[in-house]
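The form predicted on its own is given below as one chain in structure tokens.
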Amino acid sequence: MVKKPELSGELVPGLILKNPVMPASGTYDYGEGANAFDPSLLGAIVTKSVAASPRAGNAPPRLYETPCGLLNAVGIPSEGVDAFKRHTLPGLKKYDTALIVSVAGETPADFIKVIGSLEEEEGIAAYELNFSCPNLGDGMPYGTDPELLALALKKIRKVAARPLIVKLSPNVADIRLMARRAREAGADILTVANTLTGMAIDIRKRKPVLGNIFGGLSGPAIKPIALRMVWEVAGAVDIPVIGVGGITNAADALEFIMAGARAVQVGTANFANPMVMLEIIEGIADYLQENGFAKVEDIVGLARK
């Protein structure tokens, strides 16, 4: 009997993944009756970004489909950390997989308030810091200025005992510089990368399509860019990288892993196919078995060798 390949792995102490596939923040609903499958089958679950106080998000329209992509300007609506603890977190803890809480804010104090409030809660494996949403007020400077990023991260590091995952922005000239500064300031893991800033204009109305004017472009259109950035970051720092950007099938995920990612996130593809993450997990396992690899770790960065 052929032994099944090992899909699980420890990214850092305290964060063990069942497999290398998880949703990107805000692209999968864990609500009661909303799941197409048991989220416990995922490598981890990643929450919608949690803000310090309730946020309504941006004015509509918030979404616009482009050729091979999706522009969104949702603006991170949030129930706020207090309501998250009371109403949402208890339901997330029931799933038998790692729980990563995405945290958003416009200042370091916002991030510190959320994390400080969650530190005593059990069942959370790590925090993912969303410094890089392209349609969130003043938050973007922390995602594009290496010194501001490092300054903010050093402050947040002091209150966070759990692993910190920093989600980097692709809207920079050199993502390697951002990665190095994040590493030096206390990041344990890097997610590469968030959406690219874009816009669309309705020529009949002669106005921008999105209520926020600018939005974040995701989907297959950005995959080659995200893949290049994962390659660059994996070669620039010695901490784990989670790849994200336009992954729609197992072959895409394998490209990111062979570029150096230890895990991947799936975002826009979830809207078109709610089962896609399970299909990707199965496809990775099949590839490993068919090609004689014993575990995912055997192919991490393989294209770099």
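Numbers follow the displayed sequence, beginning with 1. From a predicted model like this one, the values you see are computed outputs, not experimental measurements.
Keep in mind the form predicted in complex with a small molecule is missing from the figure; the text below concerns it.
> Exactly one of Met277, Ala261, Ala44, Val244 has a non-hydrogen atom within 4.5 Å of the small molecule in the model of the complex; which residue is it?
Replying inline: Of the candidates Met277, Ala261, Ala44, Val244, Val244 is the one lying within 4.5 Å of the small molecule in the model of the complex.
> Pick from Ala182, Val233, Ala193, Ile156: which residue has any heavy atom within 4.5 angstroms of the small molecule in the model of the complex?
Replying inline: Spelling it out, the residue with a heavy atom inside the cut-off is Ala193.
> Can you say which of 172-180, 215-223, 84-92, 142-150 gets within 4.5 Å of the small molecule in the model of the complex, counting heavy atoms only?
Replying inline: Selected range: 215-223.
>> My question is simply whether Ser102 lines the interface with the small molecule in the model of the complex - judged by any non-hydrogen atom within 4.5 Å.
In response: Heavy-atom contact with the small molecule at 4.5 Å: present for Ser102.
> Is there a heavy atom of Val21 lying 4.5 Å or less from a heavy atom of the small molecule in the model of the complex?
Replying inline: The answer is no: Val21 has no heavy atom within 4.5 Å of the small molecule.
> Though only this chain appears here, would Ala250 touch the small molecule in the model of the complex if you measure heavy atom gaps against 4.5 Å?
Replying inline: Although the small molecule is absent here, Ala250 would stay clear of it in the model of the complex, with no heavy atoms inside 4.5 Å.
>> I'd like to know whether Gly26 contacts the small molecule in the model of the complex, with contact meaning heavy atoms within 4.5 angstroms.
In response: Residue-level check for Gly26: yes, a contact with the small molecule.
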